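In the block that follows, a single chain appears as structure tokens, in the form predicted alone.
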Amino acid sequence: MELNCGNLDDVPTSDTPVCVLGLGLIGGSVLRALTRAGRATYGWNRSQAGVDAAAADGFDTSSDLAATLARADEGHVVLVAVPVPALDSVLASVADHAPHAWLTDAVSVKAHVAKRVAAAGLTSRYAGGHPMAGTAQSGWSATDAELFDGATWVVVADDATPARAWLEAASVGLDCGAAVVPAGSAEHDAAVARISHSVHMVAEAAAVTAEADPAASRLALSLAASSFRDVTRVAGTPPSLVRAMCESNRDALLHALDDTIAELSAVRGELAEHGTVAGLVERGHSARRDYDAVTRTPFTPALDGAGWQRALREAGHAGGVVTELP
């Protein structure tokens, strides 16, 4: 699959330095992965402890946000990897100190971030991003240069997305070892509500259910093995991070939870009335096999001409991925 709409002047290369704001699991791993790829990088973190830990590992980091952004104002890429509650203050600082930087992010919701970016007056230099990788750990100590290897990295192609900003954001994902999937903000949020945010809620519920019967909880936890461990893994994520991503995707998550609750209610009724769970188990097994069989088709993006954003969204929706830039 190839989109060929001509050439774009000033196509960015991986030579553009990247400033990472927030050095937790995702931002810190971006810093490590880009450095591994030979990309010029530097970063900022609110807590001095995170800055010191990254600096001790040889990375160029600071707790002075204004000074860090002043460096980025030379047309660098700023990648925002802070929790949702910190977005407004960080974006205001970008607008004040780095209005000439290209802007992307690694936040797990996109429509909410796009609204905050617009409120800060930064839309003309912004393309949203979301690396589809992570662990239940947090902080600099959890960072890993290989976290994104083989992962997918969404780069938003909304109608207002500038071509240069999209290419800069895509180059970051590719240099981190991921394949880029173009998507719109709304469709991204609807998708992650079903494959990430609702999964967090199911994991939390499963963890709580194991302790719901006080008489049996000690035995239940002592018997818990791989099934319980795998299903509840993301329940180990700090609650503040889970709340921030789920609550900022409220409407899409409500729809996903409605469907999950309907499935569980139906299987309960089936078990109570007919003594079987066959309906859900068969369909669930089939759905998992569908996931295992998903294939991706590389295509070459072209970002000029009318409707290039729509063309990229359609390609991503059809299973297309970008593995190199023109």
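Computed from a predicted model, the values in this text were never measured in an experiment. All residue numbers are counted from 1 along the displayed sequence.
Another form exists, predicted together with another copy of the chain; not displayed. Remarks below refer to it.
Which residue, A92, A160, A224, A142, has a heavy atom that falls within 4.5 Å of another copy of the chain in the predicted complex? It is A224 that has a heavy atom within 4.5 Å of the partner.
Could you work out which of S62, S47, T300, T260 is the residue within 4.5 angstroms of another copy of the chain in the predicted complex, going by heavy atoms? So the residue touching another copy of the chain in the predicted complex, by this definition, is T260.
Does every residue of T152, V202 and R233 put a non-hydrogen atom within 4.5 angstroms of another copy of the chain in the predicted complex? The answer is yes; T152, V202 and R233 each reach another copy of the chain.
How about A183 - does it come within 4.5 Å of another copy of the chain in the predicted complex, if we only consider non-hydrogen atoms? Answer yes; at least one heavy atom of A183 falls within 4.5 Å of another copy of the chain in the predicted complex.
So in the predicted complex, does D73 come within 4.5 Å of another copy of the chain, heavy atom to heavy atom? No, D73 is distant from the partner.
For R36, is any heavy atom within 4.5 Å of another copy of the chain in the predicted complex, or not? Residue-level check for R36: no, no contact with another copy of the chain.
Taking heavy atoms and a 4.5 Å cut-off, does A287 contact another copy of the chain in the predicted complex? Within the cut-off, so yes.
If we take heavy atoms and a 4.5 Å cut-off, which stretch out of 266-274, 63-71, 23-31, 37-45 is in contact with another copy of the chain in the predicted complex? The contacting stretch here is 266-274.
Pick out the residues of 276-315 whose heavy atoms come within 4.5 Å of another copy of the chain in the predicted complex. Residues within 4.5 Å: T276, V277, A278, L280, V281, E282, R283, G284, H285, A287, R288, D290, Y291, V294, T295, R296.
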